[in-house]
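This document opens with one chain alone, in structure tokens, the form predicted alone.
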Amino acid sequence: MTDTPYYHCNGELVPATEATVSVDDRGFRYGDGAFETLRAYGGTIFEWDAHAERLEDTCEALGLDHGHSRAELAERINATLEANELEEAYVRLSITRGVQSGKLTPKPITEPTVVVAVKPLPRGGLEGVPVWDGPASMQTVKVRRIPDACLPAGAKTHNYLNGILARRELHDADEALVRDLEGYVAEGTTSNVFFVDEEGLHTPTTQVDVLPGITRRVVLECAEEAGIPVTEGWYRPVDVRQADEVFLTNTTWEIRPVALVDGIEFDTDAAPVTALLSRLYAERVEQACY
């Protein structure tokens, strides 16, 4: 990592002290923007095509026609990694509708705001180390997931107030167990939820208001390849609390075991399915990036 961090801001590599976005930017004013969180392993973006496709879907849902190709965005990410001398990194790619007059109704985009930010993260793969300090603890919260009819559940936008309000409820826990309006488990604030019982691996169906993570998809593929029975269904918090194993997934954490759900303890040292899927995920990273 260089002594001075660099951002890729609107087509230019600039030192962090010079990286600015206008206060009139619609991403700042209204959360009118899309983003993706990615991992670089060995200088390679893991599952880039999947992330790029989800970004394109989010932009389509927002009507955010930014005019940059997938290849152009990848070039900006690679340039930012190179400028920061990073191969093992967290990457955030953000695109907003740019600076427009202070009216809610958007105008056609003339100059979108495109920012790439990176920071160091430990190596992944078979020789990797977890980025988390220890197993997660979860708490069921009162704040509910915004329904898809109000805000597209599959869109990864700058508006994270729903997750912030859920996190504010937490007491001695580091991730919220968020339900939909009907009380079914949806996800964490920044993660997808999995649990294991005698019937196999379970995760909430995307017919619930869920943002289907890229890591979630890879884990489901690993489970299928390993012959682990998988059910995507409708679950209540009690189903999670009564499970044998619980874990969370997202791009940064990869697979993170859960040691506590609403005060119920789980032995993360005796979680064979979680351990197996973690190893299979690490092998995927190894094969793709190293």
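Only a predicted model underlies this, so the values are computations on that prediction, with no experimental measurement involved. Residue positions are given as counts along the sequence shown, with the first one as 1.
The discussion below concerns the form predicted together with another copy of the chain, not included here.
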{"item": "Region of this chain that lies against another copy of the chain in the predicted bound form, out of 102 to 110, 70 to 78, 193 to 201, 215 to 223 [heavy atom, 4.5 Å]", "value": "102 to 110"}
{"item": "Triplet 62, 151 and 158 all within 4.5 Å of another copy of the chain in the predicted bound form via a heavy atom", "value": "yes"}
{"item": "Among the candidates 208, 89, 115, 136, the residue which, in the predicted bound form, approaches another copy of the chain to within 4.5 Å (heavy atoms)", "value": "115"}
{"item": "Contact residue in the predicted bound form, from 273, 282, 21, 13 (heavy atom within 4.5 Å of another copy of the chain)", "value": "21"}
{"item": "4.5 angstroms heavy atom contact with another copy of the chain in the predicted bound form for residue 257", "value": "no"}
{"item": "Contact test in the predicted bound form: residue 263 vs another copy of the chain, heavy atoms, 4.5 Å", "value": "no"}
{"item": "Contact flag, residue 144 vs another copy of the chain in the predicted bound form, heavy atom cut 4.5 Å", "value": "yes"}
{"item": "4.5 angstroms heavy atom contact with another copy of the chain in the predicted bound form for residue 123", "value": "no"}
{"item": "Residues of 264 to 290 having any heavy atom within 4.5 Å of another copy of the chain in the predicted bound form, listed in sequence order", "value": "none"}
